[in-house]
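Next come structure tokens for two forms of one protein chain, structure 1 first, structure 2 second.
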Structure 1
Amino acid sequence: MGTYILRRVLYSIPVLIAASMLIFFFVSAVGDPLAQVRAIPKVSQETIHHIIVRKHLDKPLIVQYGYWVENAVLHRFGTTLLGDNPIWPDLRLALSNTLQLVIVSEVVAVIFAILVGVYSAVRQYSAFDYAATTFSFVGFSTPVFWLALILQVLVTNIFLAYGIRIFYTSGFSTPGVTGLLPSILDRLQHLALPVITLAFVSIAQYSRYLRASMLEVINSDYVRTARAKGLLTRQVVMKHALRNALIPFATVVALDFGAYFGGVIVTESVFSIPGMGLYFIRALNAADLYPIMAWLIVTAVMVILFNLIADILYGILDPRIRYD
């Protein structure tokens, strides 16, 4: 198992290098790093020339890539072009906020998806199953940002009408809240709506997926064997069937992590959560390529990391996988 994990980690390295090249050349191809500087009339030609030399923008692209990698590794992505602010501290804070949001959403989504998926599969074509199917289709068809806006309108209007503050509709915490329990409660009140928004679509997808793989497993020979042994239905479903259905499901959930970083862009910008999404939108609006590239790299690392976790999970869940 140890060597298996090590091999997977080593395998991730070339993937990360390829991803970093893709990111650098893609961003360099679509954007001009100096566009924003040139747009400011006060900036003199000398200043621009100074920036070009300092950031090696006069060198061939492949050399620029080398400098950029060096900068990223040794100086934690360096500084922004305008204002020369260090990138990493802001990005790290954004990442930790986003991870809180994403992990809570994923946990909520997985719990609900398992409940809905298992019950739908066991009671195939029941009223519940049809309701769950309809819900899933609505989930596939709803724009995340619109759902976020509608939730905001609803909760705000409830607050305005009745004066009850159930959930906050923007921000990540209330300034001035102290103490462990009050601040946890405050955080949860801020997290609730973004989590509902993010989990909504995931529950729709995951529950469908789990339902399908449960159905396949439930009709398998070994589940029939389990029933023929005289096990309780609960044991047959929750142990023999679910344990097998979880193998592909765990992989799908882990791999879906990358999509979450797309999802947070929209959710965070609607709910003004100071995370990766908001950071990304700010960097885009400033048209500063360096934070954008740093963001893409951090995201790619997250995706690769969760690919790795998916592989390891797969190895743990399925004894048929050989490690050597």
Structure 2
Amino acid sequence: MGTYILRRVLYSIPVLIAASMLIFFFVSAVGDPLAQVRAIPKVSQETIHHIIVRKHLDKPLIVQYGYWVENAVLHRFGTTLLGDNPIWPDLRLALSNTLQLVIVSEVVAVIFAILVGVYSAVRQYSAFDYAATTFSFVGFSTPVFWLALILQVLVTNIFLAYGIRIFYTSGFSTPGVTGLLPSILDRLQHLALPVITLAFVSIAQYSRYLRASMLEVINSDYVRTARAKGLLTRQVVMKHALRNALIPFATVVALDFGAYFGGVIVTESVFSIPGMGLYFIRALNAADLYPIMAWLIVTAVMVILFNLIADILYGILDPRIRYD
């Protein structure tokens, strides 16, 4: 396994280099990065010239790419185009906040998806199975922004009617809250609604995927053999069927986990969470290419990382797979 992981990490390096080149050249091709600055009457030509020299914008594009890679590797993505502010501190905070949201959402989604998917497969065509199917169709067709707004309205109306604050509808923490336990409870109250929003759609997707995988495994020869040996249904399902059904399921979850970092923009914007989504929106509004490229390369790293994790999970879940 160790050799396989090392080999996959080495394979990921050229993929990451290719991704960084595509990110830099495509983002740079959108136009003059100083167009918005030039449109400001109060900005002098001397200031513009200083920015050009500082960011090497007078050099060929391939040379600019080399300087950008140097800043990304040695100087934590360097500084912004405008204002010369360090990029990494704000990006690190946004990444940390998004990690908290995504991890909690995925854990909740995976737990409920396994419960729903396994029971639906075992009780195929039952009332629960039809209800789970209906829920999945609703989950697939529900827009994320609409669900987020509905949850905000519902919680706000409860607070106005009864004076009970169940969850917070925006932000990531309450200023002035101190102490470990109060801080954790406050963070959970802020995370609840965005977690429900993200997990709702994921549960619909994952449960259907696991149900289909379970049905395929349940009808296989080795499961019928286990039943013929007189094993309990619970042992057959949990020990023999579920482990093999989790192989494709784990791949989908791992890949979605990486993609979530670029896909929580809507949810974080609705709930005003200072994560990767809001960071990207603010960078776009500021028309600053360097924070945008830093955001894109971090997202690419996450996708590559969780592709690697998905492959490793194959070997853990399926003893027939050996890499060394």
Partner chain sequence: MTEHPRETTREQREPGVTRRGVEEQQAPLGAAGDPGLRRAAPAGRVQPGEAMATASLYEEGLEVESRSVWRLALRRFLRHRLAMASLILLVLIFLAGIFANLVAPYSYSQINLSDAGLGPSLSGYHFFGTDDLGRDYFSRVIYGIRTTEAVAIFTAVLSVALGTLVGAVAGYFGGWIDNLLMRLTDLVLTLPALAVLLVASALLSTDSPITVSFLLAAILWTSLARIVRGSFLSLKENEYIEAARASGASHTRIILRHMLPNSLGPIIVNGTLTVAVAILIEAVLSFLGFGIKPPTPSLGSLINDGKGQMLTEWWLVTFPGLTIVIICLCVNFIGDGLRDALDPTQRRVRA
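A quick note: this is a predicted structure, and the numbers were derived from the prediction, not measured. Please note that residue numbering is based on structure 1, beginning with 1 at the start of its sequence. Heads up, when I say rigid core I mean the largest set of C-alphas that superpose within 1.5 Å between the two forms.
J.: Since only one of the two is the form predicted together with its partner chain, can you say which one?
T.: That would be structure 1, which is the form predicted together with its partner chain.
J.: Upon rigid core superposition, what is the positional shift of the Cα of residue 45 between the two structures, expressed in Å to one decimal?
T.: Displacement of the alpha carbon, after core fit: 2.7 Å.
J.: Once both forms are fitted on the core, what is the Cα shift for residue 31 between the two structures in Å?
T.: For residue 31, the C-alpha ends up 4.2 Å from its position in the other form.
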